[in-house]
Ligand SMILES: Cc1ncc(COP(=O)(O)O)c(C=O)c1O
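Coming up is one lone chain in structure tokens, specifically the form predicted on its own.
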Amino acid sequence: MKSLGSKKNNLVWLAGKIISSQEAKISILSPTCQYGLNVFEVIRCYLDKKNDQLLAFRLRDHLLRLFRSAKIMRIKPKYTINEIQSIFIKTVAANKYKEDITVRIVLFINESGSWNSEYKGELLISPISRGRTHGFKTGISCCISSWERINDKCLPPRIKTGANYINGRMAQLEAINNKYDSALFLNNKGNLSEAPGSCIFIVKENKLITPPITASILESVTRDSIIKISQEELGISIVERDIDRTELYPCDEVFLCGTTMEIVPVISVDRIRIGNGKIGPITKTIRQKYFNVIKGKINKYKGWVTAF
């Protein structure tokens, strides 16, 4: 598998046409550049070698979330969901990838103006090659961050906007500087929220427990997929509730999930080993079933996969 960005001059959709990524430009004075005013989605596409095609996972659901984010941010898309889906497929096909990729879809502002104006959002679609993330096989170490997760009173976590990711940046840099792989946020109530760019599940007494959507988390498509797959395919009990920090240390398993992250086990928190310090059996089972779903191998979930 090639590393992130292995294709140096990929083709992107920008401002109504497909162009080289090296030609793509926006104004340095735009509200997107100056203030992080945008909304975006990242979609995984998996190579189906047998049928020589790519499989986009839950493309429609990502686009629906994109439009929900745009509505809250008062950004008016120039295209419909159907039009963006068609442009997405056209742009990815133009790149002729023969590997797993991620595709970033961004509604951004490329006109002069203030951060507090309402705008029509220009469209960027940019595919890049993407393999597995760090720790996929061996697991990662996490710490509880000293930074609090943003909440709906200040920067709504359910909006997938570039500006929100500064919160994650601060936590991630702190974690790396302290020799951890990543961080875990607590929310303003002191309960577990999420990690930078990913949601969290813990396993306790064979139940899968995850913070509710009111715990200052992004309403993750991957999280929703794991809940449905675990319940419907594996018969695992799901509990959505507040989780205290100290519940993490003695629990049986912990894993993070997200479009880019996929499913990555957490083997220690605050240098306290989780379980036996290896990927747990329930995490392993869920991950295997998840990959069968995203690769179109389970008929029940084929509606989640867009082949092209």
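As the structure is a prediction and not an experimental result, all values here were calculated from the model. One-based numbering along the sequence shown.
Below, we refer to the form predicted in complex with this ligand, which is not included among the displayed structures.
The stretch among 22-30, 276-284, 256-264, 48-56 whose residues place heavy atoms within 4.5 Å of this ligand in the predicted bound form is 256-264.
Think of it this way: in the predicted bound form, this ligand has a heavy atom of just one of A215, I105, V221, I109 within 4.5 Å, and the residue is V221. Among the residues Y79, W115, F136, Y165, the one placing a heavy atom within 4.5 Å of this ligand in the predicted bound form is Y165. Within 4.5 Å of some heavy atom of this ligand in the predicted bound form lies at least one heavy atom of C199.
Under a 4.5 angstroms non-hydrogen atom cutoff, this ligand in the predicted bound form has K160 among its neighbouring residues. This ligand in the predicted bound form is not approached by I75, whose heavy atoms all lie more than 4.5 angstroms from it. When contacts are judged by a 4.5 Å heavy atom cut-off, L184 does not count as touching this ligand in the predicted bound form. For the stretch 57-79, the set of residues having any non-hydrogen atom within 4.5 angstroms of this ligand in the predicted bound form comprises H62, R65, in sequence order.
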